[in-house]
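Next comes just one chain, in structure tokens: the form predicted alone.
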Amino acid sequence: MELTAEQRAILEGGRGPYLAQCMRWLVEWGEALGARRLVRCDNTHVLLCVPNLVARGASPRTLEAFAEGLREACRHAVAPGCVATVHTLFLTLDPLDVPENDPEQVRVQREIAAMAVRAGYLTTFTCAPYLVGNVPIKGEICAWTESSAVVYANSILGARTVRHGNESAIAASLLGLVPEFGVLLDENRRGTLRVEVRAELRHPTDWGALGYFTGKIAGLGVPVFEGLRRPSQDEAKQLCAALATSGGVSMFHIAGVTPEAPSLEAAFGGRVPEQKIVFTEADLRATYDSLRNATGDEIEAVILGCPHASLREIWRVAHWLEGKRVAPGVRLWINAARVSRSAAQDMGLLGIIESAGGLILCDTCPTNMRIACRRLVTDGFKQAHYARSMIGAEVIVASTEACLRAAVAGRWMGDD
């Protein structure tokens, strides 16, 4: 890789051993992916979370070593001019009375969070940083973890980021550099798969179904959708999350809507393929059925907000729940960023949700925390996909309103 004199000096230890290690991560990763150079990065979204139940069976010594690695990262300042937000945690900093929220891990996480703030990280603790102020502009080079946020940044905002892991995102935060490869380059942002949408998408979860269907076929490619109207932010959020769940998609285009696709021709770089796949009403129904493995109607939990709920989604939930009550024995979780919950509290929405028996859970989500559940209903395809393997739950994926009806009834009541 072609390095500047300054970059090579950092690699050789000129700014200390830890930044040398960070530079080595970026250089070796870039060389493996065929990058020719490092480029300036002004926006990162990183994981600074202690492992908690993710490292089941790990010794206290292993967990402490992991935490010390995060402490070392936070002893260095974020690169000048870089916006650096922090991804979700594997626990919540709220006093939640469940065994999965280990008090010692909470203590360590609070310590690291305080260090992170001093280092210049914005501890937003959300998987949807674009909901809380981290909104890069078209063409801005980023280094984001969280696969759904990566797709959103590339496709909806027109920013540029490959999928990052913890080490590369931290390195990018501290050095303000990333290796230039993948969708950072114009030629890799062109469409590779043509998708004609014939099904009617009525609500955000339907957009998630489209994403889940397409991701399986697209793999690492760049799907281009035709026949779609402009999505709302919440619809786009579900599409992005599902594409990155069933496949390795980093970006997509909607002809005539997304920043780099004013037309079908532009999305494909002037070479529109004749072959295409079609998403029909039958495909829509089959995609829902593919993630519904519940063997009964009685439910234990309803999980909304994957990715984290927007303030408007919280408003809709509160509006629907007003005057109603969640069934005994059912947990209604709405996952959201702290700033969203704070705004919801100011608007009186939090009180309505809590009076109905619901909870706005911050910093994380029940699946990340590994909270056990036998059967759940969710409005997110990503949540449905991972809940089956991560917590062994039976799942039903449905619209938000159908989920709320189930929460109040205590059992699955069917679709809209």
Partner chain sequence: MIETVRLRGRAVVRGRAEGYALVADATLSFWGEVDPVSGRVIGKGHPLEGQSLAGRVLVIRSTRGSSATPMVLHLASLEGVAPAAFINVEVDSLAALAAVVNRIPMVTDLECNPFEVIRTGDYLIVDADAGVVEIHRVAQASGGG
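Numbering follows the first chain given and starts at 1. Quantities reported herein were computed from a predicted structural model and do not represent experimental measurements.
The same protein has a further form, the form predicted together with its partner chain, not shown here; the description that follows concerns it.
Contact with its partner chain in the predicted complex holds for all three of 32, 62 and 368, each having a heavy atom within 4.5 Å. From the list 164 to 172, 232 to 240, 304 to 312, 118 to 126, the contact stretch for its partner chain in the predicted complex under a 4.5 Å heavy atom rule is 164 to 172. Interface residue remark: residue 390 is counted as part of the site for its partner chain in the predicted complex, having a heavy atom within 4.5 Å. Although the partner is absent here, residue 205 is not a contact residue: none of its heavy atoms lies within 4.5 angstroms of its partner chain in the predicted complex. Though the partner is left out of this view, residue 360 does not reach within 4.5 Å of its partner chain in the predicted complex, counting heavy atoms only. At a distance threshold of 4.5 angstroms between non-hydrogen atoms, residue 28 is in contact with its partner chain in the predicted complex. Checked against its partner chain in the predicted complex, the candidates 288, 320, 268, 181 yield a single residue with a heavy atom inside 4.5 Å, and that residue is 181.
For the options 373, 39, 47, 350, the residue carrying a heavy atom within 4.5 angstroms of its partner chain in the predicted complex is 47.
Residues of 131 to 155 lying near its partner chain in the predicted complex, listed in sequence order, are 145, 146, 147, the criterion being any heavy atom within 4.5 Å.
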